[in-house]
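Next up: just one chain, as structure tokens, the form predicted on its own.
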């Protein structure tokens, strides 16, 4: 695998507390990584480091061999890393197409960005581009958040609890859409979610965090069978 994203011994300390402690992994184009662990394990802090909203205390994040950590969220987006959040953040009465147009202003590689129609098709938002974002269903609004992230032309997409509040059918549709995005656009995806029925069939690999460190990494099947993971996390679900 040719590394697209490399996380190398990343540490984030708050005083004497290491919220993230020596985390390393690599992702190639089109890879989907599930990031799981108990609450307080460091997942959200790690996601913030990848997105540029938190500076690492030590260690680096590189994209295509160029360091992109510690330079702020704006530069991370320009480098090719986009993030969604647990809560939907859409633009009042704007249509989805209008919101996508605004998001595209953050892109510095316009030739690499899929068209509005292609993004909508990948995310099963066909026919909704000219609808006000706030008129969409809750599930469609979550997909719209991913669409806005894709409009920035990312190489890496970070999804923070994308399936929260979704029923079984909605989360299954979301998983298919994320898989299509990874395969069709070659975007590497990091997904944080507590819904194992959504995450495990989607992920190519899974990284489990506990107390800021990496407890285990492997395929979904390997993680499901890992006794330490079962004891610290999966046994709780």
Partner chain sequence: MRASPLVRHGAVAAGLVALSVVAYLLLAGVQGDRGQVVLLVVVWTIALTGLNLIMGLGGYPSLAHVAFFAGGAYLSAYFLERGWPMALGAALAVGLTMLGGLVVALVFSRTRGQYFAIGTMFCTAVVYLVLTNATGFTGGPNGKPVDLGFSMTATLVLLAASVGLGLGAFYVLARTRFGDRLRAIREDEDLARHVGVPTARVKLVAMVLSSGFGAWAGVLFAQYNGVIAPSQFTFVQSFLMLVAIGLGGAGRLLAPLVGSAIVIGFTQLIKLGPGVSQIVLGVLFILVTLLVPGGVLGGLAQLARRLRRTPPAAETERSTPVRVKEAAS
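Residue numbers count along the first chain shown, from 1. In this text, all values refer to a predicted model and were calculated from it rather than measured experimentally.
Omitted here: the form predicted together with the partner chain. The next part is about that form.
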State yes or no: in the predicted bound form, is some non-hydrogen atom of residue 44 no more than 4.5 angstroms from a non-hydrogen atom of the partner chain?
-> yes
Heavy atom of residue 168 within 4.5 Å of the partner chain in the predicted bound form = no
Is there a heavy atom of residue 58 no more than 4.5 Å from a heavy atom of the partner chain in the predicted bound form?
-> no
4.5 angstroms heavy atom contact with the partner chain in the predicted bound form for residue 98 | yes
Has each of 9, 13 and 26 got a heavy atom lying within 4.5 angstroms of the partner chain in the predicted bound form?
-> no
Exactly one stretch in 61 to 69, 195 to 203, 46 to 54, 179 to 187 has heavy atoms within 4.5 Å of the partner chain in the predicted bound form; which is it?
-> 46 to 54
Residues of 76 to 99 having any heavy atom within 4.5 Å of the partner chain in the predicted bound form, listed in sequence order = 77, 78, 83, 85, 86, 87, 88, 89, 90, 91, 92, 93, 94, 98
